[in-house]
Every structure is written in structure tokens, then in C-alpha cells.
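Given next, in C-alpha cells, is a single chain: the form predicted on its own.
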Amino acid sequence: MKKKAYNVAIVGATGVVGKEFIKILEERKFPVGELRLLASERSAGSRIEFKGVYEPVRLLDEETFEGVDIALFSPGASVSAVYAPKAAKAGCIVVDNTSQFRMDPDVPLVVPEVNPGAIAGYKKKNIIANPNCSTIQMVVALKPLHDKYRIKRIVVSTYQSVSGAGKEAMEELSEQVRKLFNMQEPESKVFPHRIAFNCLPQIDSFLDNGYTKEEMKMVNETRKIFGDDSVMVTATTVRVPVFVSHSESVNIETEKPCTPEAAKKLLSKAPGVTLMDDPQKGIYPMPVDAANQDDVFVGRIRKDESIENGLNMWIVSDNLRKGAALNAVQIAEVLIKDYI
């Protein structure tokens, strides 16, 4: 018999994604029985509002998962590495928003609009991985095209907001702007260089191949989500001085010919996608359009005239919602509908 309510834990409840978890659970009327808000010692004892009640934030420890049905994780990867297996062992199904388990072959990497059937694989470890924010929005837009025309190659350049680096990064951008307008020298603590009025072609650390970890996440995660290692992917990820929403310039090469008109028609009906494509009237997706919205916005669809079967497009999404918290809650919704 199905439960009427489920006990839910949120790990990293006081972070930007943790707060989005709480907001989205309430907005989507997720059937929460008990809500356990968990965080580090620094945040324990504070309170966060959920459905008109200020719930206490408890200290994360090994005992906090007893009786929990689903845990939504968004702490650091090192915290997930320790506590996600403990939660899973306690009988809790973990949906982890960190990079810790994404490429584990025994952990499904899921975007519900793209590969919901993969959720069944959670039974191996009681853990489901939430993909990287920039990967999520790209695959939501590309999967319908891949299914019909088969994508051979993806070239993506991202323009990622500072909220992807957390609350401290947002505060750093705000403080740098304030100081620059007051003719003061800004400090850089979160980012390696000044982010205000600047673009940083580095997200995460560099690897031996010259790519950053963020770029290789997009390569490897896209293939895993599509279930197709033959798709060639190359990425350049850039941090820009925008508070919320990631933007992406995406070029694809398909096996079968696909016209811009056919792509627009297909994407106009795709789940989780909003088509904004009338550039002559100044209609195309921008970060301000996507902020606080659930969908992935797609526009500027046009033929790549340099190759036979190529398309260019512009993809924008709220990285805190679809890129993180919303995607995890959607996974939880599929779990309670089809599996628990």
C-alpha cells in the first residue's frame, strides 16, 4: 500500500540549493510527513520556514536518517561521500546533488524528462545521482533531437552564473560590484580572479588534458545519461557575473538531416522545454527569463552552415531549480509514484 506521506531529510538545508529544495517541496505539494533539516554545526539550531512552520535545523550525524524515506543531499561532495552511504544503509533513498556518485556505474544518473527508467537502478546502492547543472539543461533540450535524428557531436560553451558556486560566490559578486562603484579595490576569495564585470574561463580545477573538471563532467555525464558513449562532446565552461541562471551556446551535428524548423517543432512539444525563438522581434532566452522558472528555455535555433547536418542553439535555465533542486525533487516524485 502506498504511503500518504513520506519522511524527507535535506542535507545542506541552509545552502542555496538546500533552501530551493524546501521551497520546491512546498510549491509542488510533495507529500512530506516529517521534514528533517540537516546541516553542519555552524548552522545547527537555526530555523527555516516550511508550510508556515519554522522547522529547526539539526546537526548532521549518523543517527539522523532513521525513519527517513528520502534524503535530498546538497552538501560538499566529501560530506556526501561519508553520509550518503550511511543514509542508504539506514534504508533511506538518497538523491545526491554533488558530483560524488555521478560516474559510479552502480548509481543511476537521472534527468526525469530524459531517462526516467534509469531510476530503477537505485536499488543497487539506494543512491541516485543528480547531474551537473549545466549538463541537465543541455540534455533536456537535446534528448528529443537525439532520439529522432541521432546526435553525433556536441560543442558547448557555457556562461554560468555565480550561484553555481554557492552563497559565498553570490556575496562575493555583490561585494565586488559595491566596492568598484565606490572606487575601492575588490577582494577575490571564492574565485581565482575578480568576477565583477569580468568572465572567468575556469570552473573547477584544471586537469592534465587542459580541460577543467566542470568541462569533463559535461562530456562524461551527457554520455551516461544518453546511454550512448559514441556521442562526441567537447565543452568550454565560463563563469560570468550573473547571479542566477546558466546560459549555453550549443552546436550539434546529427546523423540524419534536421532543419531548424523541424527542431523548433519538436522542441515546442518537448517536456520541460519552453521555446523562445523569434529573434527578429528580440525574442530569445535570457537569464532573467529563466530565473525562478522550472523549464529549460531554448532559442536562436539556426543551421550551422559550416557542416552538412549542423544546428546552433542557445539554452538557458535556472541552475538552482532545474539545474539542481527541482530535478532532485522530480526524481523523488517518480520514486514515490513508481517505486516506493
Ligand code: NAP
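Not measured: the values here are computed from a predicted model. Throughout, we count residues from 1 along the sequence that is shown.
Absent from the display: the form predicted in complex with the ligand. The rest refers to it.
For the options 178, 86, 124, 167, the residue carrying a heavy atom within 4.5 angstroms of the ligand in the model of the complex is 167.
60 is the sole member of 315, 290, 60, 70 with a non-hydrogen atom within 4.5 Å of the ligand in the model of the complex.
Under a 4.5 angstroms non-hydrogen atom cutoff, the ligand in the model of the complex has residue 102 among its neighbouring residues. Looking at residue 324, you'd find a heavy atom of it within 4.5 angstroms of the ligand in the model of the complex. Proximity of residue 39 to the ligand in the model of the complex: non-hydrogen atoms within 4.5 Å are present. Among residues of the shown chain, residue 76 is one whose heavy atoms approach the ligand to within 4.5 Å in the model of the complex. Using a 4.5 Å heavy atom cutoff, none of 138, 218 and 237 lies near the ligand in the model of the complex. Screening 156 to 164, 108 to 116, 223 to 231, 265 to 273 for residues having heavy atoms within 4.5 Å of the ligand in the model of the complex returns a single hit, 156 to 164. Residues from 8 to 27 that approach the ligand in the model of the complex with a non-hydrogen atom closer than or equal to 4.5 Å are 12, 13, 14, 15, 16, 17, 18, in the order they occur in the chain.
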